[in-house]
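Quick heads-up: it's one chain on its own, the form predicted on its own, in structure tokens.
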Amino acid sequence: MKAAEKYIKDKLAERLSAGLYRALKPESTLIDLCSNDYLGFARSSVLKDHINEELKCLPLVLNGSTGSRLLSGNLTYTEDIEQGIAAYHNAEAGLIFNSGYDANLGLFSSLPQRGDTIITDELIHASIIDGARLSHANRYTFRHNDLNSLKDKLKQAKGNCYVVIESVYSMDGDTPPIAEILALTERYNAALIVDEAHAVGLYKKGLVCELGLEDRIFARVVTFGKALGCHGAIVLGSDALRNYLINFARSFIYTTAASVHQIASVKMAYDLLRDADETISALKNNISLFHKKIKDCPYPLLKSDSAIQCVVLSSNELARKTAAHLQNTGLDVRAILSPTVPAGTERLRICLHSFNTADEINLLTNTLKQIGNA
């Protein structure tokens, strides 16, 4: 056996023995309580029909984009949609990337330079961590949502300083004190970047716009694969930032552009979002119902007003066992294990949706109580 093959097999065996082995699963027919399709757009027949009609109206639709946007893959259609999305979020400009991962990788690997400083919340998404590593800038983390910890790190910053947070954290579902963090970054002349991946949809234009802070935020990242039910992402900011990313973000420059179908899907999803008040209200009502019904559950619940609700079980074994019990009941709930989350905080990550029924939420909360009290 070659050394490289032995290394691969040994590492997989280690992960298997530790109970941390990952494997792909087929699509589920269970009640959806795990996906990021918060508003049901991914399964919307209305959105699908609108996409098909939009494509029929375009003069030429290629199956693929044929190249990177700096070569043959750019379209006026795409640029118009970028500007429309930026205007929707009250931003000067925006640049579309092929995924949220690509957006964060491109932004954080190209913007900070050696000698600059990136300060991130300790629970920031892996894509931001990976981008920051590639920048060669000085990197610090501050304790989750802790202003004093952030202030300590700001005092150590050198060069241009970028502070990075999420408006809704993907594994906890909670929200940081954005206004207070912004005031602190302004005091230390640092630029604040907010990832809005899990906020857009629950908050129609994102939490930054909900708070009226968009003019003071340096950059925002909005992904299309959560509440918008599509794929891709956009970095929002100034015209200068957009032009900078076109020139320096390697995950934008050296990749084939998204297909016209993908771009049209995003356009029509935004059209649907503009008229989604009832759907958003249904999601918020389901979040309130879940909070009401889960009260007597013996397991602790992380504080969250978002669609992401986390029941903490404090061990990989218990999290896996409880998730399996729920799945056997017909509920698609997944366990989040360490090291994805810190040891001792292993959990069920429950995602609520506008389309979940009261009966489904009652089944979920009653089953959790029965397991916990058994």
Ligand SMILES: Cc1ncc(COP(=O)(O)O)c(C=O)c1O
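From 1 onward, residues are counted along the sequence shown. Predicted model only: the values in this text are computed from it and were never measured.
There is another form of this protein, the form predicted in complex with this ligand, and it is not shown here; the text below is about that form.
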query: Heavy atom of H198 within 4.5 Å of this ligand in the predicted bound form; finding: yes
query: E166 within 4.5 Å of this ligand in the predicted bound form, heavy atoms; finding: yes
query: Contact of K226 with this ligand in the predicted bound form (heavy atom, 4.5 Å); finding: yes
query: S170 within 4.5 Å of this ligand in the predicted bound form, heavy atoms; finding: yes
query: Stretch in contact in the predicted bound form with this ligand, which is absent here, among 155-163, 285-293, 122-130, 77-85 (heavy atoms within 4.5 Å); finding: 122-130
query: Residue among F142, Y270, F218, Y101 with a heavy atom within 4.5 Å of this ligand in the predicted bound form; finding: Y101
